[in-house]
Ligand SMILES: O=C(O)CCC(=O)C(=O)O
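Starting off, we have a lone chain in the form predicted on its own, written out as structure tokens.
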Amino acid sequence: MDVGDLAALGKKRLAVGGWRLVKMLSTEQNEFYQKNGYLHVRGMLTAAEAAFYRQELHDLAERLGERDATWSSVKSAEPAKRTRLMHCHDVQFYSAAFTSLLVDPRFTRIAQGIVGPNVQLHHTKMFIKPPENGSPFPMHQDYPYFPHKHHSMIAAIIHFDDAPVEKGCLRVVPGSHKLGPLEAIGQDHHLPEDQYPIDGALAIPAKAGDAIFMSYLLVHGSGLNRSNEPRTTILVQMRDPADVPLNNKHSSRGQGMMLAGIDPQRPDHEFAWERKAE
């Protein structure tokens, strides 16, 4: 199936509201995801597209200035040993290019294959690990940040440049999503390093244009960028709109946008002038 075929999918309606859902994942892809809790989709974007989005993010980082998001558990008190991580939430509000990316059928069809026909945005994040001192992420689950009743939440990491091991690529513990929510420690909710060391996890090197989809229950992290080039990615967190959040932490102004399908629970919109005076 080529890009033209995927784009054409978005033009075919269901008789009963919403978009026609075809078999979004192959049998092999579905079985791999169910077993391991992640799926590496190679070449989702072309090299030229990845280069374009990479430049968009680096231009954004330049406009925003210093925004270090290094976790407290890996921050060093010694300036010479400090690492950095360029970060921004809700990138689609800063660049329209990413609004288009979020609804690209090549992206949403994979998300639908995992979540179901209805895929709702929770939030997006930009992560740029600078050369030589790009901050690592200790092993963790995303669950503690935005727990949901039915665990439909997934993340997708889209790579805009190559991410070999020396750049601090993603590392995962395959199958750990089956353990359910684990007890986290520290302000950043990481897992005990003696039980889940970064070096003991499976490294997933990626190429520019690749995307890695994973359950928010999957234990994952990433190493230090020791290379002479940055590592540039965007993280997209998504869910089934019917899933129930267990708290309202980490909300964002982009939350609730439908990336695919419909929101069957969305109430009718109430205009400001229709509200009763208190």
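One rule holds for the numbers: they count along the sequence shown, beginning at 1. Being a predicted model, the structure only gives us computed values, none of them experimental.
Note that the form predicted together with this ligand isn't included here; everything after this is about it.
Colleague: Report whether all of M24, Y38 and R106 sit within 4.5 Å of this ligand in the model of the complex, measuring from non-hydrogen atoms.
Modeller: Heavy-atom distance to this ligand in the model of the complex: none of the three under 4.5 Å.
Colleague: Looking at V115, L191, L170, V91 here, can you tell me which has any non-hydrogen atom within 4.5 angstroms of this ligand in the model of the complex?
Modeller: Contact residue from the list: L170.
Colleague: Pick from A61, L235, L224, L217: which residue has any heavy atom within 4.5 angstroms of this ligand in the model of the complex?
Modeller: Only one listed residue qualifies here, and that residue is L235.
Colleague: Can you tell me whether R239 touches this ligand? I mean in the model of the complex, with a 4.5 angstroms heavy atom cut-off.
Modeller: No, R239 sits far enough from this ligand in the model of the complex that none of its heavy atoms falls within 4.5 Å.
Colleague: Does at least one non-hydrogen atom of M153 fall within 4.5 angstroms of this ligand in the model of the complex?
Modeller: Judged by the heavy-atom cut-off of 4.5 Å, M153 is well away from this ligand in the model of the complex.
Colleague: State yes or no: in the model of the complex, is some non-hydrogen atom of H148 no more than 4.5 angstroms from a non-hydrogen atom of this ligand?
Modeller: Because no heavy atom of H148 falls inside 4.5 Å of this ligand in the model of the complex, the answer is no.
Colleague: Quick one: is F98 in contact with this ligand in the model of the complex, heavy atoms, 4.5 Å cut-off?
Modeller: Because no heavy atom of F98 falls inside 4.5 Å of this ligand in the model of the complex, the answer is no.
Colleague: If contact means a heavy atom within 4.5 Å, which one of 176-184, 123-131, 191-199, 204-212 is the stretch that engages this ligand in the model of the complex?
Modeller: Of the options given, it is 123-131.
Colleague: What residues of 140-172, in sequence order, lie within 4.5 Å of this ligand in the model of the complex by heavy atom?
Modeller: If the 4.5 Å heavy-atom criterion is applied to this ligand in the model of the complex, 140-172 yields H140, D142, I157, L170.
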